[in-house]
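Only one chain is given next, in structure tokens, and it is the form predicted alone.
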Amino acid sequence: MTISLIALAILLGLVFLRVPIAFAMSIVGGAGFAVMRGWQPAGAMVGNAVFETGLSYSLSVVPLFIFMGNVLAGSGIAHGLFAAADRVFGRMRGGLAMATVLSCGGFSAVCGSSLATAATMSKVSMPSMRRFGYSDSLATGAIAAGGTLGILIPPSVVLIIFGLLTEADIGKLFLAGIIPGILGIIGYLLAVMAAVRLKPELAPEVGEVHPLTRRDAVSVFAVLALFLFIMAGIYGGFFTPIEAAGMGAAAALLIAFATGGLSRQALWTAFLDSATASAMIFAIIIGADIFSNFISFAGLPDALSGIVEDMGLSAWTVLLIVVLIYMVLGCFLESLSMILLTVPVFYPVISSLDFGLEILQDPEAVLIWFAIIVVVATEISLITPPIGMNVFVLRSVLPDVPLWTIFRGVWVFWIADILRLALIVGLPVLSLYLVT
């Protein structure tokens, strides 16, 4: 266990030195394995990790779902979602911010990427909120927080990666994410209401409702139809979750061409962005695989389980400690890297505990519940300083908005997320109701 802790310290040191997390995990994992087994076995392990990840059929869902989201983003679907949401909340104080949250939730249902959701909605909603006098802090806070819904509401790339790591049923993980995702939208809407009630100067008293055009209505119908097509196909047994990625990407292309919103340049951009994002994700997965092989061989998961058993801590106390660790790590690590790094360590510990609830007697139920807890904790990390990946995405899209302004705007949404996480931990039925 000592060598594992030393390796973790070196890994965090490399991250602080701005070494890309994929390379940091590969270097530490490969070198650590070489120290324990020798350089030849370490080279074989690294080569095997690269080969298996690159040729993994299961991981084909990653570029396909990312491409599906990029196609819809380039076709102008997000504009229609925002206009429809504005019809619901437009005349309320803070209505445009609430419309942003609702449209982020809708776009997340067909995107699966938090960063893509935040980047797309910043281009759609930010100009309108500025035009009507919304403060930059509330406007960017709503976009950054709403974007986090992309990794929970199905289809979610992060839930897919979690399922592949733990061999969980991806279809059930998708089902489990629906209610917590809806709770997230409701919590963010209440957060906007609370913010404008406490500080009325954040938003004008009455907004202007945008007229809903035929194209906007078609966009809403298209998103709803695509979401239902994917979910019905999976749970109706017509195709597997992996095949659903291909079906969803093809359907997104048909919708984009049918609505006439996808230009040749937008399609080319969707291909390039999907390839870039997929390459980054695959590099991180390879690094995490190398590092997890090392820590598993070093016996860190078994050692942690033994420590928990020797200390006599209750299952709920251990879970609370794990959640707090995720909150701290989220301040320094990117979300996908954090999940790939920690799940192989923490899941064996959590699965060995007895939480004393009938609904958690099935090991699969514990796995699905823990997955939702991890993803929600990861959502919180996306808007938590000093990393806050969604905040940095907004900063790159809106270079005239200071980082501190964006972080100041997300605090009320951060509180809503903490309350939601507490509910999901304390009431497992919220995650497991649709599954069971």
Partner chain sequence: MTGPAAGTGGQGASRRHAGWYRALAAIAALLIGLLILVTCIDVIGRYLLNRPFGGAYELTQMLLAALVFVALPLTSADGGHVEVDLALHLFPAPVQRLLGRLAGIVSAVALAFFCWRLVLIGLDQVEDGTRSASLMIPMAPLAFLAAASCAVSAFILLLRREDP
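Take the two forms, superpose them, and find the largest set of C-alpha atoms that agree within 1.5 Å; that set is the rigid core. Owing to the predicted nature of the structure, the values given are computational and were not obtained by experimental measurement. Residue numbers count along the first chain shown, from 1.
One more form of this protein, predicted in complex with the partner chain, exists but is not displayed; see below.
The partner is not drawn, yet in the predicted complex one stretch among 124 to 132, 151 to 159, 264 to 272, 79 to 87 has residues with heavy atoms inside 4.5 Å of the partner chain: 264 to 272. Heavy atoms of every residue among Ser26, Ala44 and Phe238 are located within 4.5 Å of the partner chain in the predicted complex. Of the residues Leu367, Val401, Ile380, Val393, just one reaches the partner chain in the predicted complex with a heavy atom at 4.5 Å or closer; this is Val393.
Among the residues Met338, Ala256, Ala249, Ala195, the one placing a heavy atom within 4.5 Å of the partner chain in the predicted complex is Ala249. Within 4.5 Å of some heavy atom of the partner chain in the predicted complex lies at least one heavy atom of Val50. Although the partner is absent from this view, Met311 stays clear of the partner chain in the predicted complex, with no non-hydrogen atom inside 4.5 angstroms.
At least one heavy atom of Ala279 is located within 4.5 Å of the partner chain in the predicted complex.
Contact annotation for Ile290: at least one heavy atom lies within 4.5 Å of the partner chain in the predicted complex. Of all the residues from 90 to 107, none has a non-hydrogen atom no more than 4.5 Å from the partner chain in the predicted complex. With the core held fixed, Gly13 shows a CA shift of 2 Å or greater between the shown form and the other one.
Core-superposed comparison between the shown form and the other one: the Cα of Asp289 travels 2 Å or more. The two forms, fitted on the rigid core, differ between the shown form and the other one by less than 2 Å at the CA of Thr405.
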